[in-house]
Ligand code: HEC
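Consider the single chain below, provided in structure tokens and representing the form predicted on its own.
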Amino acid sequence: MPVTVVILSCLLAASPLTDTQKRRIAGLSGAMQGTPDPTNEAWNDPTAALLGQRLFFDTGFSLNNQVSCATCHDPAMGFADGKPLPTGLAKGSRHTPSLLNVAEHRWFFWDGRADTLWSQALHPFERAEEFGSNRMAVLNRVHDDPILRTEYETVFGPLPPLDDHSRFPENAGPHAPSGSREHDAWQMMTPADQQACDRAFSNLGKAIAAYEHRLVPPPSSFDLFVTAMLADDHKAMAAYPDDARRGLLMFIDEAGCRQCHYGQLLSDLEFHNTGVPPSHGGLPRDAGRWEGIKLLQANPFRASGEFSDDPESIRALSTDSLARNSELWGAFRTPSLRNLNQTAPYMHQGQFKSIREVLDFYNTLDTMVVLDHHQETVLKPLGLTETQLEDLESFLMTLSSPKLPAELGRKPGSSPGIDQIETVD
């Protein structure tokens, strides 16, 4: 870029912001404290959150006693794992997203096959490549552990009478392989006993969700810039890097990023097929949102299901009204742009090692995989210069926050009530 253009860009970055720019910038920031979830009455309960934190870091729920939620959602790595694809008992097929600010999301998993945070938290227990366990084994571990059982029953009331193994097998579950001892044992249970165990199982998800509601990091340097801007504090605004400010102005204007990345999470929270090449090469094989809607609406733990605490909520009704159409094939959830410095690699298979690789892809779309009509028709190459790409990356890095308090990133103490978590305001 010519020297005169660089000087002009610097001058523009330091020039007063227009009212339109201020409005657009302000719309990308704001306090995030975990959106209340009417389908989970325990979402803001301190004891539920403490129980959920114990469950999150407990490897004893996995088949080999080595895998916990923290295996793939490591606090030291932004509650992600730093790998293209996760590894529990076996290797997964989609990249592990960060749990920071996760309670602000509308849909969960890359394909949105869960519509609540508590429903999402239940999946790993019974998935063969993650924990490899079964529903009754999970519940029996809670029942047999004095701390887990005390905290569970403080929040949710008594567990089913799991000591009665004639009614409640030690190992059984609806997702065990057909014909297996665990599957047959589940089928032998009465519908009422199955329902009681499903209720208790859903409560474990609600406890984990209560903990995850607290994973809200402090304001980023961008948020501090916005606060200063709204207060007309030019001295504080001057602390924001010039290159990041130039990148911010491109983000809200000529780069067109706001089409999909807006709001406090810098995400529209919906699903798109942007033609990112699959990591295995060739054509995409993952149906994404197309399959996700089918799985969601068949899930008994969805927001409108019998285990929801508000099956008539707006969240629940929107799930039941979802329509599947061909445009959703291969579409994945728009990721948040927050805390990118901790959550590499990027995309639904971890295809890109760095943010610069992401920007280079969208800058040219040279490697875009076009599959019939299943892609975003509004997506155009950015066509930015090297300096502009560097500025845009600098802005994106300012969306990263300081780390969470240490007590949220470890297993709680060894007695009920230790490390009590305060209620979120």
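Only a predicted model underlies this, so the values are computations on that prediction, with no experimental measurement involved. A residue's number is simply how far along the shown sequence it sits, counting from 1.
Below, we turn to the form predicted in complex with ligand HEC, even though it does not appear here.
- Partner contact region in the predicted bound form: 94-102, out of 94-102, 224-232, 149-157, 300-308, criterion any non-hydrogen atom within 4.5 Å of ligand HEC.
- The shortest heavy atom separation between Leu379 and ligand HEC in the predicted bound form is within 4.5 Å.
- Contact annotation: Asp198 falls outside 4.5 Å of ligand HEC in the predicted bound form, judged by heavy atom distances.
- Residue contact with ligand HEC in the predicted bound form: Gly173 places no heavy atom within 4.5 Å of it.
- At least one heavy atom of Pro335 is located within 4.5 Å of ligand HEC in the predicted bound form.
- Not one of Asn140, Trp186 and Arg315 is positioned with any heavy atom within 4.5 Å of ligand HEC in the predicted bound form.
- Val276 is the sole member of Val276, Val216, Ala244, Leu296 with a non-hydrogen atom within 4.5 Å of ligand HEC in the predicted bound form.
- Only one of Leu162, Leu328, Leu249, Cys260 comes within 4.5 Å of ligand HEC in the predicted bound form through a heavy atom, and that residue is Cys260.
- Residues Val67, Ser68, Cys69, Cys72, His73 of 58-83 are found to place at least one heavy atom within 4.5 Å of ligand HEC in the predicted bound form.
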